[in-house]
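Form predicted on its own, single chain, as structure tokens, below.
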């Protein structure tokens, strides 16, 4: 498949066929992701690929529990907003455990160039905070890796969905993995989930902005 075809074909998949994904394919996809650019070549990522159904269900339950906690607290202030969030959470967070493979993406902290130097010079905190958040260069590296992961998955006939919507349950999910002795490094934190599998037919993609809206050329 040509690169342009792969890019165009990629879309967020939320329904998957009950077809196994061989570990060799998973390793090929993650190896491709590992070639992504990263600030200072820090390669601040780790990918945990989960096939185990019981573990995926535990993760789904953790997200569901956090969803309900948020909804219950919101309902005390605004029931309509709480109901909207609950609808969103049901549609866009819980489906991930249905995929044949659930990839949990972890990251480590990243100190951007110039940050320590500005701190050394006693620069105002607004400057250092702006640099560290402009806008989280470590997450830009993660985004590059997940993008390549998703494109490689398409090339091999699979679909993915780049999910950060359930990050509010990240601490719960990390605790589950630690209890299972799956991934226990304290200096990493969950930053995304990527369900992976053979997509069901009929997936629809939202429209895209025109080139004129997103492109400025200066001669």
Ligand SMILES: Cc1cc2nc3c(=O)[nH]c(=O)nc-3n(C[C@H](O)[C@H](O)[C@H](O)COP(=O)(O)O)c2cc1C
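Positions refer to the first chain, counted from 1. Since the model is a prediction, treat every value here as computed from it, not as a measurement.
The protein also exists as the form predicted in complex with the ligand; that form is not presented, and the subsequent description refers to it.
Although the partner is absent here, residue 14 is a contact residue: one of its heavy atoms lies within 4.5 angstroms of the ligand in the predicted complex.
Remark: residue 85 does not count among the residues lining the ligand in the predicted complex, judged by a heavy atom distance of 4.5 Å or less. Within 4.5 Å of any heavy atom of the ligand in the predicted complex lies no heavy atom of residue 110. Although the partner is absent here, residue 106 sits far enough away that none of its heavy atoms falls within 4.5 Å of the ligand in the predicted complex. Each of 95, 161 and 165 places at least one heavy atom within 4.5 Å of the ligand in the predicted complex. Interface residues of 185 to 209, taken as those with a heavy atom within 4.5 Å of the ligand in the predicted complex (partner not displayed): 205, 206, 208, in sequence order.
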